[in-house]
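Below you'll find only one chain, the form predicted alone, shown as structure tokens.
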């Protein structure tokens, strides 16, 4: 793996379906009904069923792992700014992660990320540092 400052990392796009959310809920133990029930999600003011925030972060970590051939992640952070709304159909939605290497120094590469679902950014100020 060679990361250089200024390098644009190829976008990675991942499908997110209601089935994905059910599998994640089982693995994480997070069975909050906003992640599977339209009735509950809309009753609390959401536009519909939303993906788990940590599921979205897991997709980010997956992209980073693919870009860096599994380099050690030293720091990964973001703000959850907009939900990933997942329609109740066979297609669901997608989450796309893209990145730019901001710096490589002291054995660490810092990557600024952009994470979108559709045309909406879903994470604010996402960034990751990996050991190089």
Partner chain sequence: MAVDGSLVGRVFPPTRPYRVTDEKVREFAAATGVGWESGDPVPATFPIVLAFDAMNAFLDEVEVELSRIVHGEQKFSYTRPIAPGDVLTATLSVASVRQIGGNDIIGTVSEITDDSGAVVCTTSATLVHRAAEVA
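Because the structure is predicted, anything quoted here is derived from the model rather than measured. Numbering follows the first chain given and starts at 1.
If you look for the form predicted together with the partner chain, you will not find it shown, but the lines that follow are about it.
Listed residues 32, 103, 94, 100 were compared with the partner chain in the predicted bound form; 32 is the one with a heavy atom within 4.5 Å. None of the heavy atoms of residue 67 is located within 4.5 Å of the partner chain in the predicted bound form. Though the partner is left out of this view, residue 39 does not reach within 4.5 Å of the partner chain in the predicted bound form, counting heavy atoms only. The partner chain in the predicted bound form is not approached by residue 49, whose heavy atoms all lie more than 4.5 angstroms from it.
For the chain shown alone, residue 72 is a contact residue for the partner chain in the predicted bound form, at least one non-hydrogen atom being within 4.5 angstroms. Contact here is defined as any heavy atom lying within 4.5 Å of the partner chain in the predicted bound form, and by that definition each of 45, 54 and 78 is a contact residue. Along 96-129, no residue reaches a heavy atom to within 4.5 Å of the partner chain in the predicted bound form.
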